[in-house]
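Okay, here we've got a single chain as structure tokens, the form predicted alone, with questions on binding and movement later.
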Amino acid sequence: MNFILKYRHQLIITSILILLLCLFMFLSPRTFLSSGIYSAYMSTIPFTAVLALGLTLVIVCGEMDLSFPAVMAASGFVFSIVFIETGSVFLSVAAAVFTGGLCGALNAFLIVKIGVPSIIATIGTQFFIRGLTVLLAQGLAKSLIGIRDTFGYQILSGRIADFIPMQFVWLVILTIVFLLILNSHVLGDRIRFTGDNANAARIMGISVNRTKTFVFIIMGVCSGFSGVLVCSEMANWWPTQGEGFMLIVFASVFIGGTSVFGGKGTIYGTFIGSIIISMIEAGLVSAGAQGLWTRFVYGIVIITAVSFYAKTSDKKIGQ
């Protein structure tokens, strides 16, 4: 019983995933009883899931980040330029991830040092970073077709046994790392305490400013790496890269059980939430529904999930 109460949100989100999968298997057996759809899922889910992992830490810390789509585009642009100039995938990845971290540091500076609320600061940096990237690119896309002939491409986006995409392997590795950070490391305690009550965290000796700086830099790094994965898989970069990711990334985090008020979150829930969000659209289309239904169903799932979590949270139970 204690196990069920402790992990009730994880059990619930896993049950939702299984029920959805069974429903789509029943409605569209030709699609969901074949292996091809799952390989396709594993190639695209990491794009949003990597972003959602980083955003989970930010929200647990009691902050918000709305700039990650632009950071994703900026990092992808740097990745493409460095690759075109050098032909080195590894150097390009390092440059892109560094760019993402730098953008995260800019957000942290505005929020921690200047004192701008995170939602306002990251709206501003979203416009600034996206605008600067488009200006530098002169609004033109970058072709990376030569990347598929490199060893680095196999490391980033190759296929294991012609089925499992490498980007999904990277996602699993990152999920484990984030699980350890949030649940088994002192950093995770600092992030939760900061998000729950920053003043109390300071009294306990926690460096709130350092903790917030850390989560924003990590969010930037995740955005940069997600941009790399998209560019590598598509062998292309385009100025609008990252647009359309914001809502589904937030949906993945909140469906997974992370509290919008900070102080509590689950990496496992975010991982499963990303899978659910990615599955819905393809499942609806395969079942014969129009794509117009997608956002409507997203809304139902999100409202139902967050309402349930609000009703069954520890605070409610204790009342």
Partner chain sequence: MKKIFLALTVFILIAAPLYAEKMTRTGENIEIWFDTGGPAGGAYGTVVYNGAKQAGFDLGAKIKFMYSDWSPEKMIENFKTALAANPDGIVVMGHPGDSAYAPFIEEAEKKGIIVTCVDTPLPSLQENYLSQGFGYIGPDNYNQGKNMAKESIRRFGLKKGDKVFVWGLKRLQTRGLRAKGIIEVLEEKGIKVDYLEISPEIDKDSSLGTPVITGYVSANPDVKAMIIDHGALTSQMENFLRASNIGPDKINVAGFSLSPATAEAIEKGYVDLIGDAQPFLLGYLSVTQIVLTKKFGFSGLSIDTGSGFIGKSEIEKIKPLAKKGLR
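The model shown is predicted, which means the values in this text are computed figures rather than measured ones. Numbering follows the first chain given and starts at 1.
Although it is not shown, the form predicted in complex with the partner chain is what the next lines describe.
- The partner chain in the predicted bound form comes within 4.5 Å of no heavy atom belonging to T86.
- At the 4.5 Å threshold, heavy atoms of G139 reach the partner chain in the predicted bound form.
- Although the partner is absent here, N236 sits close enough that one of its heavy atoms falls within 4.5 Å of the partner chain in the predicted bound form.
- Contact annotation for Q241: at least one heavy atom lies within 4.5 Å of the partner chain in the predicted bound form.
- Of the candidate stretches 36-44, 249-257, 268-276, 51-59, only 36-44 has residues whose heavy atoms lie within 4.5 Å of the partner chain in the predicted bound form.
- For a residue to qualify, one of its non-hydrogen atoms must sit within 4.5 Å of the partner chain in the predicted bound form; none of L110, T213 and S307 qualifies.
- Of the residues in 10-32, those that come within 4.5 Å of the partner chain in the predicted bound form through at least one heavy atom are, in sequence order, R30, T31.
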